[in-house]
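First comes one chain, alone, set out as structure tokens in the form predicted on its own.
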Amino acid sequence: MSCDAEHDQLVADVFARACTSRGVLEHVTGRWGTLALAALAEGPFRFNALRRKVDGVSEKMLAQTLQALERDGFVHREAEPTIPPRVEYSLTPLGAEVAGRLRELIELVEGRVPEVEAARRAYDEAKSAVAR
């Protein structure tokens, strides 16, 4: 789907409501998408191992997230024809590139948690002073 109907080539614009890139960004940056991609950056995972790694995600949400990421070309699903089926998830080259950038963001956020906590305390103190 072209986000810019005036041109034959695809011009992605995440700020345009109907642009495909917005949905893709939602898949990547949603809570579970980010965590699943970051976890898969460590290597391939079977479904239940990935679910344990991404603490708090339900089976249904992880399945939906992996399906969306697979459809978008970020995740590869390998199913071996065994009984029961052995399914493993890994990143595609595109997924690895995106996950690398997400890891940078995650590391930045994790490294700045003390500053975030200080900002929250200051905000809460200022709000409670106004409410008095």
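Fair warning: this is a prediction, and the values are worked out from it, not measured in the lab. Counting begins at 1, following the sequence as shown.
From this point on, the text means the form predicted in complex with the DNA, which you will not see here.
Only one of 56-64, 103-111, 34-42, 90-98 places residue heavy atoms within 4.5 angstroms of the DNA in the predicted complex, namely 56-64. For the chain shown alone, Pro81 is not a contact residue for the DNA in the predicted complex, no non-hydrogen atom being within 4.5 angstroms. Remark: Arg77 counts among the residues lining the DNA in the predicted complex, judged by a heavy atom distance of 4.5 Å or less.
The closest heavy atom approach of Asn48 to the DNA in the predicted complex falls within 4.5 Å.
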